[in-house]
Structures are given as structure tokens and as C-alpha cells.
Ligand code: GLP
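This document opens with one chain alone, in C-alpha cells, the form predicted on its own.
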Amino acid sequence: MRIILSKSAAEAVDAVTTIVLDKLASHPSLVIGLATGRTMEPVYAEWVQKAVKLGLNMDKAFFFMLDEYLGIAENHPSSFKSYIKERLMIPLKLHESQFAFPPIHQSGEHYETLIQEAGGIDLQLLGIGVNGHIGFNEPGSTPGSRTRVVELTEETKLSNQSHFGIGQMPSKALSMGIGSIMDGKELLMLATGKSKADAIKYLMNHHNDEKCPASFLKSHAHFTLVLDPEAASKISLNI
């Protein structure tokens, strides 16, 4: 596990974006797993800005989305498909054929097959939930879990309620499992803000703990955790 402690949230975002773009520049056919959520919004904004400035061609890259809500239309403004279209696909003029989305009308096994056929995910981007979830792998998820339908906790629903109207928050999602994520060749997690401090503290102090699904990532050979000062405020690092 490698930890990058940044001096600010902006510096943390820049660290993540730099890692991604450097890999894309050296490996144009990179297969990347994409996370969503508020934490990742500035990453995609900087990604677009820097890629345009550098004239980086990403036509050979392929992208897998980490998860998706169930029970909403795929063109719903709060769907993760709409999220990534708005923030990455359209601004960079990428083709929809370069993206794979969790198949809300097919089995999780189908998505696992697509990942295998692509040669696996080279770099998986991740955030962390306030309860330590990764993707929509809520506390209690097992390390061998694969892409599947999951029930969202009340805590997660409350955290994401603002994206939906009253009474419209989905209760289920399709998510890569922890085992699916761990199959990625390299994992890159970004955590920023005070709201993530408790989850990061628990992550640092526990190993392979189902109460904090992100703790399983610590056993991955190539796991990088990027923190800003607020997210790291409850831990002590001598780095």
C-alpha cells in the first residue's frame, strides 16, 4: 500500500489526475475502471483540461464503470452513465463504444465476462464512502464478491439523496464486487474532505474487515491511497 499525503484537496486531485494521464500517455490502450461521486468530479474536470492541453489521444483506451443505480432510466440525469457522459465522454469526444456500463438488464456474470475479454482492468479509480464502502459494496460485503445487485444502506441513500427527488432515491444498485475490484492490476483511491476522515482512520487501523470493505484493498500489491489533509486528519503518518 502506497500513501500520497497531499497539502490540499487540489493537490490530491492533481496527483490522481497526473497518475492517470501519465499511464494513458505511455499505454494508449489502457483499460481503466471509473468511479463516480462528488470526490471524483474535480478529477474528471482536471483530466479533461489537461488532456485537451496536451493533445492526448485516448481513442484506443477502454473504460469500465464501477457501478450503476437500478430502477432508473439509463438516461436519468443522476445515472452514472449520464455522469460520465457529461464529465468525460462528451468533453473529450470519446466514443460510447469505448465504455462498458454495468448491465442493468443482464446478469453480473455478463459484466465479469466483458472485463475478462478486455484483458482485465489495468487501473481502477476508487473513492470511499463515509461507511467505508467501495463502489456499492456496503459493510458486510465479502472479499470474494463479484458484480451483483446490492441493497443500499440508509447511510448511503441519505448521502446520495440530493441527486434525486423526494421518494425517488433508488434502493438498489449493480456494482462490481470486492473480488472484481481486487482483480484490477492497479488500484488508485482518492479521499478528500472531513467527511471521509473516520473511514480513512478505520481503514488504516483494520485489515480485511467486512465492516469496512475498503480495508480489503490493503492486501493488494499495487494499491495507492491519495489523501488531502482533512481526510487524513484522524491518522498519524510518518511519511
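Everything quoted here is computed from the prediction, not taken from an experiment. Residues carry their position along the shown sequence, with the first being 1.
If you look for the form predicted in complex with the ligand, you will not find it shown, but the lines that follow are about it.
request  = Answer with yes or no whether F136 is in contact with the ligand in the predicted complex, where contact means some heavy atom within 4.5 Å.
outcome  = Yes, F136 sits close enough to the ligand in the predicted complex that at least one of its heavy atoms falls within 4.5 Å.
message = Is G129 near the ligand? Define near as a heavy atom within 4.5 Å, in the predicted complex.
response = Contact with the ligand, yes.
query = Is S180 close to the ligand in the predicted complex, meaning a heavy atom pair under 4.5 Å apart or at it?
reply = So S180 does not count as contacting the ligand.
query = Looking at the partner-bound form in the predicted complex, is G37 within 4.5 Å of the ligand by any heavy atom?
reply = G37 belongs to the contact set for the ligand.
query = Of the residues L187, L203, L66, M58, which one places a heavy atom within 4.5 Å of the ligand in the predicted complex?
reply = Only one option qualifies, and that one is L66.
Answer range among 108-116, 94-102, 139-147, 121-129 for contact with the ligand, defined in the predicted complex as heavy atoms within 4.5 Å = This holds for exactly one stretch, 121-129.
task = Residue by residue through 187-213, tell me which have a non-hydrogen atom within 4.5 angstroms of the ligand in the predicted complex.
result = Stretch hits: a single one, K196.
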